[in-house]
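One chain comes next, on its own, written out as structure tokens in the form predicted on its own.
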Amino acid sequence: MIKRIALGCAGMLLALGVGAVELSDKQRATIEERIKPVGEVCLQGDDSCGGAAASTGGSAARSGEDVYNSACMACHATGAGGAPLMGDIAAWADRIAKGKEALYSSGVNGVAGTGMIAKGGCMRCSEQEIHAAVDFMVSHSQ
């Protein structure tokens, strides 16, 4: 009796599996779209990433303004997380008084107990680019 039940279950699973193979192209496309990865990893020289060239280590650093606009603006233009607004001279005065190295350290390492995370969340930014963004914000906040 137990063998008959086991065989019956195996047969039912096999039947269900065969049914899954008989999906229409539209059904397959819908499933593939639903389970596709969120992102892709592109390696240098890989042409399969929609034509986007992978970044090379020797590429030129972005300007402070470019980094600000792509990574820093979300908080430093809105005050999100208590970030000092760029251009707010009073909010930046004490920070600027601590010196550029302290500001650079805050930009690169973040500030514990605040909303300022390491590199402002821009993990693809180099330390040089973070320093340039700090310089850009400071120059507009004195």
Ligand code: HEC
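Residue indices: 1-based, along the sequence shown. All of these numbers come straight from a predicted model, not from anything done at the bench.
Quick note: we don't show the form predicted together with the named molecule, though the next part is all about it.
Engineer: Could you confirm whether residue 115 comes within 4.5 Å of the named molecule in the predicted bound form, counting heavy atoms only?
Structural biologist: Close contact exists here: in the predicted bound form, residue 115 approaches the named molecule to within 4.5 Å, heavy atoms only.
Engineer: Considering only heavy atoms, tell me if residue 98 and the named molecule come within 4.5 Å of each other in the predicted bound form.
Structural biologist: Although the named molecule is absent here, residue 98 would touch it in the predicted bound form, with heavy atoms inside 4.5 Å.
Engineer: With a cut-off of 4.5 Å between heavy atoms, is residue 103 one of the residues that contacts the named molecule in the predicted bound form?
Structural biologist: Looking in the predicted bound form, residue contacts with the named molecule include residue 103, since a heavy atom lies within 4.5 Å.
Engineer: Could you tell me if residue 86 has a non-hydrogen atom within 4.5 Å of the named molecule in the predicted bound form?
Structural biologist: Contact with the named molecule, no.
Engineer: If you look in the predicted bound form, which residues in 122 to 142 sit within 4.5 Å of the named molecule (heavy atoms)?
Structural biologist: Result: 130, 133, 134, 137.
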